[in-house]
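Encoded as structure tokens, the following chain is the form predicted alone, with no partner shown.
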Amino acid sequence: MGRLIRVVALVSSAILGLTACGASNSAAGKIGGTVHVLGTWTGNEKDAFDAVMKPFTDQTGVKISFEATRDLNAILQTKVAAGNPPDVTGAPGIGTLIKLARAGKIVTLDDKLDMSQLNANYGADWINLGKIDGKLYTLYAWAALKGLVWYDPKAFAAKGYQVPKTWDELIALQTKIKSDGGKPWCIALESQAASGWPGSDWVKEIVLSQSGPTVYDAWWQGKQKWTSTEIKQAWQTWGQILGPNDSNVYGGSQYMGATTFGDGGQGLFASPPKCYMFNQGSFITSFFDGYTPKPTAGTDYAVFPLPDVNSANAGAHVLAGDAFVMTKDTPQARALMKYLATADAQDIWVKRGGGKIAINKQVSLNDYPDPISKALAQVVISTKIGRYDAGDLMPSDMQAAYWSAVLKFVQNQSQLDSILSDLDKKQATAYASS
């Protein structure tokens, strides 16, 4: 599977190249008609996507028909099997993507996009990440940084807590918070059919930082067993964060399983705080914006990267991205894909916040709307070991089993050996057709 898709090897200024903003217009002229888009966005994220789409509709006359689902892989495959695929789809899991691409159900982009312009505006790693069997199928538009710990600086100051710089300091901080009668963490795992994925982020972030990129790559490629020392150690390390019987987490396993991931940060802003820290990706600020009252970046919340578990892998960060595939070749779909690659399109979401980091090099660092989002873009630029989200690179059956294992683990950490053994069994079959 490793030859099918080359994961990001190093994220640096050469990849994102956030420089002075340059105009990059979408296809000119009126086309008309409608483009059906299948994706996962709801709420504030959907509002932001709508804002990105408005200039496209104004310029081309193409209307957007958007369908939201958290079970994108299953819905897409059902639509394809019925002969009624959407025109453009938020990229499915790699297993589903490979299967559909090899069946000729996804449109290649090499002759649909202006590749010379794409090569000029994109880092090579972000282009190569979208290739299967040497052909371009996926276009990445925005990146998100994972492994970020959000906190209320006022709550920290009131207790005299300091932002931890090392993993040992993080563990000491959570011990101190607990001894003071507080709960160190809020964790929210509910996401409909994708429930469990926020916990999977914890594990993959720990794997990369603790055991390094070689183990990480072998793991998502299906070459490293879940029961191996390194992967088991990552789960155990997350267990130290959760605490015995999830005692470090507000509400324990019941709250984690019942709370939608976007609401997970609510406890930070309660009085007194229900928790003091919340690990989630850069996109979570779009959900913060929907809280009542709306918290203010820099005043009500701040952020620090999850400290290195192992200093030998300093500066390791997991990345994710918003990507698109064309599942029906129409003039409207081609125009939309060309538009999404432009700095103009990507800059709209960047300016709105929500933790989105543009991939087009022409988007200016100065367009990030607040010090936090600008700082996050700089973290991506300075990443020494960058890897794409391992769960998203696994076959969809493996990914689903991974998410389910997270839910089982938080219910009963003592079952880890059997949980990992079951994941090994799934691994033996999930990669067979990849």
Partner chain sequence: MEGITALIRLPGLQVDWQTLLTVNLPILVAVIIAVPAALVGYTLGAEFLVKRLPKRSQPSVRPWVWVGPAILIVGLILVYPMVGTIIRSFFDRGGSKFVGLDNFVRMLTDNGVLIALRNNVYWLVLYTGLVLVFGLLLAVLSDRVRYEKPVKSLIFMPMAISFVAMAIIWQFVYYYKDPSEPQTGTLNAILVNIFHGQPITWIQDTRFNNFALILIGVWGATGFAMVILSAALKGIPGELLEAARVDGATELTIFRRIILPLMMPTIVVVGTTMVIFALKAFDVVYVMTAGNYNTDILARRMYSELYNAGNNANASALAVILLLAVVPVLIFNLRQFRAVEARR
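Residue numbers count along the first chain shown, from 1. For the two forms, the rigid core is made up of the largest set of C-alpha atoms that agree within 1.5 Å on superposition. Just so it is clear, the model here is predicted, and its values are computed rather than measured.
Keep in mind that the form predicted in complex with its partner chain is not shown, yet the notes after this line are about it.
Figure note: of the listed segments 223 to 231, 102 to 110, 74 to 82, 151 to 159, the one touching its partner chain in the model of the complex, with heavy atoms no more than 4.5 Å away, is 74 to 82. Its partner chain is not shown here, but in the model of the complex it comes within 4.5 Å of a heavy atom of Tyr250. Contact check for Asp263: a non-hydrogen atom falls within 4.5 Å of its partner chain in the model of the complex. When contacts are judged by a 4.5 Å heavy atom cut-off, Gln411 counts as touching its partner chain in the model of the complex. Looking at Tyr291, you'd find every heavy atom of it more than 4.5 angstroms from its partner chain in the model of the complex. Only one of Thr175, Thr166, Gln117, Gln254 comes within 4.5 Å of its partner chain in the model of the complex through a heavy atom, and that residue is Gln254. Lys274 is the sole member of Arg334, Lys351, Lys274, Lys131 with a non-hydrogen atom within 4.5 Å of its partner chain in the model of the complex. In the model of the complex, no residue of the candidate spot (Ala68, Thr214 and Lys384) has a heavy atom lying within 4.5 Å of its partner chain. Taking 2 Å as the criterion, Asp180 does not count as shifted between this form and the one not shown: its C-alpha moves by less than this amount when the rigid core is aligned. After superposing the rigid core, the Cα of Met394 is displaced by less than 2 Å between this form and the one not shown.
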